[in-house]
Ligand SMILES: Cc1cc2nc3c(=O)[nH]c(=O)nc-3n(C[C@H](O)[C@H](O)[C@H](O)COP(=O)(O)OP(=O)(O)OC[C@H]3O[C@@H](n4cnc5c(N)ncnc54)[C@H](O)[C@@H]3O)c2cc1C
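Next comes just one chain, in structure tokens: the form predicted alone.
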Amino acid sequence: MGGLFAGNMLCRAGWKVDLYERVAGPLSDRGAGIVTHDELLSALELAGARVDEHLGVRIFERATIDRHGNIVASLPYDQILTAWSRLLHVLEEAFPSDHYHRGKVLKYVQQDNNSVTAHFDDGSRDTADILIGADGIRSTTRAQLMPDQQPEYAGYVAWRGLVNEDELSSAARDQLMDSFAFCLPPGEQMLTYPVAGKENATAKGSRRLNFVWYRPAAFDTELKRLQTDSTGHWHSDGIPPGAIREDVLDEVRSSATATLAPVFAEVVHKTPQLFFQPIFDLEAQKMVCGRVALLGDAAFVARPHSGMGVTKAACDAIELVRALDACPQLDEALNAYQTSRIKFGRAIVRQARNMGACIHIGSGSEHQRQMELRYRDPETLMRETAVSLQYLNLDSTA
């Protein structure tokens, strides 16, 4: 997603751009829900993407529901909620297809004072003025140039899934399909929001419900157990949804019944493909190395509570294009880009880390205890989860 934002914006600024995607086939079946912000919508327009009423589902309220199904707090908040696949489609549609190369796995990078060359595992290569590594949390680009910069496990996972609206009970539809909803079991957090359904349908009755359920999982015990398939193989970098053991899925469904409000438990039970992602933090010490620039999750990964993953990448792309336009020398431009984005990256990682302090087992530091109390409060949680940057005072996070 970050590569498409940067590629589209650079094309519109007059650069010749080629995008190299490691996955050979379509990406449309990947990802789940995406929360949009004003910053993201502006970035889509700058990227030349078509933004209209079909981008996603619009809601006007947030609500927190207790274990017994009662609404204990609510907050008015106007927001568009979309699906990863829908956002991908509008960005791919805007980019020239003859410069979009799929099935290209980066092997290594070479650079000198005049150019940078990307070498791919099929023996091909491409030489350019600048290489942008927008290759995510497991970035090959970062691993080669900054091998000491590694993601740090946060101590919990996010179970996720999508359910068709017409498969939900009337009670679940009434409580969940028109709001951004939260539930706060002890040491955990559950949230749901509506997104477009099949073929990007946004009409009532044809939408889907996206959920994210944060649950503690100690790395050496529970996480390793979750990521071990039925053959005994441990998937250290994340287990594919289809490889998750049935006994693990049964446990998750049972836990939903035991700990969540009935409508949330129903969502978990009716999800056709439950999957989870371990939650990580990543703070790269730099975003530029010679003629190579890191962008999006390749440089900074903030926990999903901030809802800023795609927006952060889009804003990185904006600042990179601005710097390249404003500075006559490439090294000047890349240094300006790094200076403008590294402070923000660190701030949003801190903010998301603070928000995640309420998801844990056992005691933590005094600061963690303070943040736990802060984000167990429904009003604060709803006011700061996945909101526009204008509502966050990032300079005050510690």
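Don't overthink the numbering: it's just position in the shown sequence, from 1. The shown structure was predicted, so the numbers you read here are calculated from the model rather than taken from an experiment.
The discussion below concerns the form predicted in complex with the ligand, not included here.
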Residue among 293, 310, 118, 260 with a heavy atom within 4.5 Å of the ligand in the predicted bound form: 310
Listed residue that, although the ligand is not shown, lies within 4.5 Å of it in the predicted bound form (heavy atoms), from 110, 277, 206, 124: 277
Answer among 130-138, 144-152, 250-258, 232-240 for heavy atoms within 4.5 Å of the ligand in the predicted bound form: the stretch 130-138
Applying a 4.5 Å heavy atom distance criterion, does residue 304 contact the ligand in the predicted bound form? yes
Does the 4.5 Å heavy atom contact test between residue 226 and the ligand in the predicted bound form come out positive? no
Can residue 1 be called a contact residue for the ligand in the predicted bound form at 4.5 Å between heavy atoms? yes
Give a yes/no on whether residue 375 approaches the ligand to within 4.5 Å in the predicted bound form, heavy atoms considered. no
Contact check, 83-113 vs the ligand in the predicted bound form, heavy atom within 4.5 Å, ordered by sequence, gives 84, 104, 105, 106
